[in-house]
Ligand code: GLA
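The form predicted alone is given below as one chain in structure tokens.
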């Protein structure tokens, strides 16, 4: 979420271990002391649309996050206030909504809905939400809201789900209540991220290994300012095409349940039985799985040149085979190529707009960001938002100020 608050408030929320502004906001509105939780957004270094194919992804949590403040109520109401939207919503804890309303409150209430479905008695509570993960940018503002809400509500009801279980719960909130067919990556990295590390996640069994990001490497995230939503539209179409391709291959090799189980040789042999678009989508996912594991290996051995090459190849596949890029994102990637300090650049997130991720030498990061922003504005006519970031730790409770 992009905060609409004052500069003082933005500075305070950036200090994620000292959240006095959210605490004061909650006390002023609800006259109760809150417990405060933080859940970060994420940037995916490589591995797009592989998570729901039970493949591999390599995200990093970032130092943009959602804060949630919670306190109990005695009137049986659930009252949720979003500082970003400047809006308060009221629900009856004894009669929770069962269907989405296509409103921002679907994300926190989806979490409450899933917790209730797991047999938890949901009491009344006040919840304040405030974050700085840019909306619609592919940095997982929705997952950060879900995870922060889940931690907050679980603290109130006495639940303490382990990280992978909490991530699945939040994924279900988005799949079953919000109606977005996302995989597990966004919620998992928000819960399990580690500072200064990327995380290679096996989306089949949720095993993972951490890969340290060298001190000399900065994460420069460039927002094209073209917004996307994964709740329907092109994202859903791509997923259906992937599933069509999987069914074709499974007719020949029944052990193929997801494209994670398929090889490029399988695609060469039976791809002619697929619709052309489905074959292209499958080629992206099968090859992307191979690239993602190779990229993690390159990062772990410090081979940044190989990592950059794999990122470039991933972007071409995402743009051409998966057709999930756009003119603005392709332009942003192209404009970065000859700038000093670039290691690798590609579109990140669900696609169809959003942000590019640029791995850049730390010493060049500020100049890189300024130059890229100027080039993009001159060519596209839109002033982008560009953030020099670092990999942050996962979600948790914050000590109160």
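Positions refer to the first chain, counted from 1. Bear in mind the structure is a predicted one, so any value in this text is a computation, not a measurement.
Missing here is the form predicted in complex with the ligand; even so, the following discussion is about that form.
For the ligand in the model of the complex, the listed stretch (184-192, 204-212, 97-105, 148-156) containing residues with heavy atoms inside 4.5 Å is 184-192. Of the candidates 349, 34, 344, 55, 349 is the one whose heavy atoms come within 4.5 Å of the ligand in the model of the complex; the others do not. In the model of the complex, the ligand sits beyond 4.5 Å of every heavy atom of residue 91. In the model of the complex, at least one heavy atom of residue 235 sits within 4.5 Å of the ligand.
For the chain shown alone, residue 26 is not a contact residue for the ligand in the model of the complex, no non-hydrogen atom being within 4.5 angstroms. At the 4.5 Å threshold, heavy atoms of residue 38 stay clear of the ligand in the model of the complex, well away from it. Residues of 69-88 include none with a non-hydrogen atom no more than 4.5 angstroms from the ligand in the model of the complex.
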